[in-house]
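The chain below stands alone, shown as C-alpha cells; this is the form predicted on its own.
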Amino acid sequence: MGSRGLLGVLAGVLLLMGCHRPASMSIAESGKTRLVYWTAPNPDELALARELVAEWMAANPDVEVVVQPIPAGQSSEEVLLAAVAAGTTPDLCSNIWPGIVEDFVEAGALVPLDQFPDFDSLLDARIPETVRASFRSRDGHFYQLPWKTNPVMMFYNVQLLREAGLEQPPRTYGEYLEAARRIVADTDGDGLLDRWMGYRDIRPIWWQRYFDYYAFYIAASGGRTLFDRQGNLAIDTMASNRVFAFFARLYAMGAFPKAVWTSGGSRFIQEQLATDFTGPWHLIWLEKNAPPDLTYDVAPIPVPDDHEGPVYTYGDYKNIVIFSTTQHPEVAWRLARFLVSRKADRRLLERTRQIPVRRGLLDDPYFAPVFERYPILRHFAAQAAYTRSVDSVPDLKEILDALAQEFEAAAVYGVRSPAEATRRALRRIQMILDWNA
C-alpha cells in the first residue's frame, strides 16, 4: 500500500505484537551468532523447520537459530506488519505472501537479496527467466527468495462423477454446469438440497477469493494477473465478466450453497460435494480424515468453453525474506540457501505435500520416490509450471478486497450483472491506487 496506507495499517495492528521483541538477534551468551527464524504456525511446517534447522546448526556450530511460529493474529500479514512497525521482526521468515513484499520494501524492512553474489545462480535453479519479473520489486531489486507454490486445483469425487455418467472430470464451464445439473440433489427426500457440485466460502474476505475469483480469472485470461509488467492496472474485463457469470449461474441453480461452513473439506469426504477447489496441503488432511472407500483425484480448474492452451491457476506462493533488522545478513542468507536446497525441497514435499519452486522437479530422479509414494502430487507439480502469483504492487490487500465485495454482490447474490461488477471493481481499484499514489 502507499506510504499513508501502510502507516495507517501499521499503527492499527501494533497492539497485536505489543512491545515484545523476539529472542536476541545478536550474539548469544554462549558466544554464538543467534538468528531468529519465523515459520508458518501449522504443525507440519513448524516441525519441518525445526528438523531442517537442527541439521543446519549441526553443520554450523557457531550459529544458534531460534525457530518460532509467526505469533497468533488475524492473519500472518498483519502480524508481520505489526512487527515491522515495532522493530521486532525476526532475522528471516519463510511464510511471506508476495502481495505484502512491496509494502515491506516501501517501509525499508527487507534486505535486497540480489546483493549476495550467488543469488542469481540460485534463482536460476528455481524459476525460469520468463517469470522472474513477478518476483522483482518496483525498484529493480529482489527481496524474496521463491520457496514453495501451492497451485489451486480441483479435487473431485471419482465415484460421484461416474454415477452421473462422467468418466472424466469437467474441463470447461459448460461441462462443469452440466455435471452440476446431474449431481445436485436432495438425497434424503426432505425437500432440501444436501448434495452440491461444490462450495466456496461466501464471506467477502479478500484471501478467500484466491480459491474462486482470482484462480478462475487467471485461468480464463490465459495466465494474466491484474497488472502489467509496468505496474499498470490491466484487468482482462472479458475474463473477469466470464468468471462472475460462471459463479452466478452456479449459485442461481443451487449448485453451490449460499452458506458459511467451517470447512468444505468435511462435506467433501462426506460425499456431499462433488468438487473442492484447494491446494496440495489439503492432501495431508484427506489422508488423515477421508474414509478408506472415498476415491478422489485432482484436475485443473474449469475454463471457458472456447479456451485453448494450458490452464493456468493461482499458485499461492510463500517465499523467504531477510528483514533489515538483522545484524547478520550473510549468516541469515546461508540459512536461507539451505532452506531451498534439494534436500530441504524433498523434505517439503514429503512432510507437507507442498510444492517447492524448483525447475525440473518432475524430471529429477532425486524426487521420484516422493512422487511414486504420493502420485497425486504429480498433478500439482505439473501444474506448478502454469501458475501465477499476485502482482508486486502496493495496496494489494485492498485491491483484492474490492474484488471480494463484487464477487459477493454479482456471483453469490446476483444483485449486479457481471459486467457491472467488473466496472465497479475497476473503479474502486483505481481510486485505491490514486489515493495512495
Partner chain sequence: MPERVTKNRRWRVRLREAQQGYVLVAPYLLHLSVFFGYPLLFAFVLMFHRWDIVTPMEFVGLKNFWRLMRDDLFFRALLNTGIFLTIHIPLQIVVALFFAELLNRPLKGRGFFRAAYFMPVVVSGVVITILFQQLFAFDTGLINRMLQALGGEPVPWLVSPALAMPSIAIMATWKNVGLYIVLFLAGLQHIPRHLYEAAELDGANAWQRWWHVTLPMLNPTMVTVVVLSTIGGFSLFIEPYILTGGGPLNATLSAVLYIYNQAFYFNHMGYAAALGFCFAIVIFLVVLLQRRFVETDTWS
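Numbering follows the first chain given and starts at 1. This structure is a prediction, so every number in the text was calculated from the model and none was measured.
From this point on, the text means the form predicted in complex with its partner chain, which you will not see here.
field: Answer option from Val303, Ile322, Leu145, Val84, heavy atom within 4.5 Å of its partner chain in the model of the complex
entry: Exactly one residue meets the criterion: Val84.
- prompt: Considering Glu45, Glu398, Asp391, Glu64, which brings a non-hydrogen atom within 4.5 Å of its partner chain in the model of the complex?
  reply: None of the other options qualify; the answer is Glu398.
query: When you measure heavy atoms, are Leu122, Phe367 and Val370 every one within 4.5 angstroms of its partner chain in the model of the complex?
result: Heavy-atom distance to its partner chain in the model of the complex: none of the three under 4.5 Å.
- prompt: Looking in the model of the complex, any heavy atom of Asn60 within 4.5 Å of its partner chain?
  reply: Although its partner chain is absent here, Asn60 would stay clear of it in the model of the complex, with no heavy atoms inside 4.5 Å.
- prompt: Should Ala107 be counted as a contact of its partner chain in the model of the complex, where contact means heavy atoms within 4.5 Å?
  reply: Yes - in the model of the complex, heavy atoms of Ala107 and its partner chain come within 4.5 Å of each other.
- request: State yes or no: in the model of the complex, is some non-hydrogen atom of Asp114 no more than 4.5 angstroms from a non-hydrogen atom of its partner chain?
  value: Asp114: no, not in contact with its partner chain in the model of the complex.
query: Using heavy atoms and a 4.5 Å limit, would one call Glu271 a contact residue for its partner chain in the model of the complex?
result: Answer no; every heavy atom of Glu271 is more than 4.5 Å from its partner chain in the model of the complex.
- request: For the heavy atom contacts within 4.5 Å of its partner chain in the model of the complex, list the residues of 384-415 involved, in sequence order.
  value: Heavy-atom contacts to its partner chain in the model of the complex: Asp395, Lys397, Glu398, Asp401, Gln405, Glu408, Ala409, Tyr413, Val415.
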